[in-house]
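One protein chain, two forms: both are listed below as structure tokens, the first as structure 1 and the second as structure 2.
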Structure 1
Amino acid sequence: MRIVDNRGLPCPQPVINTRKALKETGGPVVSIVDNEAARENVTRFARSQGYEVEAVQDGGIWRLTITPPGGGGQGAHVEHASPTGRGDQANEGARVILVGTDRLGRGSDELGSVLMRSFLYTLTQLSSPPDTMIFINAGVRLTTEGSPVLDELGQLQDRGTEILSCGTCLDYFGLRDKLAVGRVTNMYEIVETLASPARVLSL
């Protein structure tokens, strides 16, 4: 039985680690988590893939025993399962992602930065990453020197995602010579890409 210790790990790492273990073994797997959100996320993911989950709490620690239906042998195959538990089907239509900010959501800038990094990291874990990511306005700060997400963007690029940064935006922020991943694009190419049949997710 594979044991996956997820204590102290931020979202979505517990789900990603559990998914990896299930993909490699088919189950059973014991996933150890130390917060309610991780317990709920791992449980929801496993059940969405057809597994049975038994949770045992000891203080602030949960041991989630995840087994195939019936409790034995090789279980459901999760080759195409996404870290959200909905499968990559939810991502197949959103082949182009337009990033217009260096933070995700509104409210706390600090939290927004954490969420953006978590979002990009999760993209690297999908079996089918986006075809193209376009960075405009403050989003170009993510593709330039000093960005905290260069590793994630580099992984996406290595897997075939085209990383494009608006040249006008780079010039506005004085960052053209600091581009660290991908290439410079222009508004014509941006509009042409966004007007194509591919679906677009805008951040």
Structure 2
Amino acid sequence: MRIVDNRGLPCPQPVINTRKALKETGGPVVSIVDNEAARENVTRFARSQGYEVEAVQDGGIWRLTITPPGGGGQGAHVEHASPTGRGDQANEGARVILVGTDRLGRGSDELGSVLMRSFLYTLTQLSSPPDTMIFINAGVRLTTEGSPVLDELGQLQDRGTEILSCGTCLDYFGLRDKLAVGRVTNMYEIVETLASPARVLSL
């Protein structure tokens, strides 16, 4: 799913960016805005073009999910796939990695750290990196200052992977203002992402 980050942009730029993304992909598109004028303008624009808009507010940020009428987009592709084509169609779904730890596997913590670094490095070498990575619980240690894998996550982000860290978890570990890559998310968005017809890999 294309994500358009309009934070800090004055009107009419958020509408211009959203229009471009919808033109190129046909939707769904997620448009992130940080003020009331942009929220209303992007919503007006999308509805005037026949799209459906769903808004989720998180503090001063709105995440506007814009979908073609009748729930089209990626989810619909999977649902409407014919039995024979199921495998191919599923490959088109968003790929999400849920990271609930800063170590990979159980047994040795030391080895687990090395494996996690190796795993993330290898991920950067894939021809198509995941669409979204969600870091929860001790996983947020990987997205904050002092993490040994900030370079790798930065590379993934540059290549289009959305890096999300659970806000509650950041608070729990006192890391809210130490976030070094990606942005803060909430349980609503996490559940929404995981519950969508995406392929989820859980670590």
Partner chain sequence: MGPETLSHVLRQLPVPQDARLLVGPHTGDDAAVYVLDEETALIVTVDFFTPVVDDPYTFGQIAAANALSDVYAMGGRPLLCLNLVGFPTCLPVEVLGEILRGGCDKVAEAGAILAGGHTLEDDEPKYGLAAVGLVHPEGLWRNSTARAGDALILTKPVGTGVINTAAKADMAPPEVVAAAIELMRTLNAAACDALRGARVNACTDVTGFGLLGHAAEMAEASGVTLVLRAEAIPVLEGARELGAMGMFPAGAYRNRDWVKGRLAAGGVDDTDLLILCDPQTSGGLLASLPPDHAALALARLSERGVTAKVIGEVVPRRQAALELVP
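Structure 1's sequence is the ruler for residue numbers, which start at 1. Superpose the two forms; the largest set of C-alphas matching within 1.5 Å is the rigid core. This structure is a prediction, so every number in the text was calculated from the model and none was measured.
Between structures 1 and 2, only structure 2 derives from the form predicted in complex with the partner chain. Put the two forms on the same core and the Cα of residue 174 is off by less than 2 Å between structures 1 and 2.
For residue 21, a C-alpha deviation of 2 angstroms or more is recorded between structures 1 and 2 after rigid-core alignment.
Core-superposed comparison between structures 1 and 2: the CA of residue 165 stays below a 2 Å shift. For residue 65, the displacement of the CA atom between structures 1 and 2, after superposition on the rigid core, amounts to 51.4 Å.
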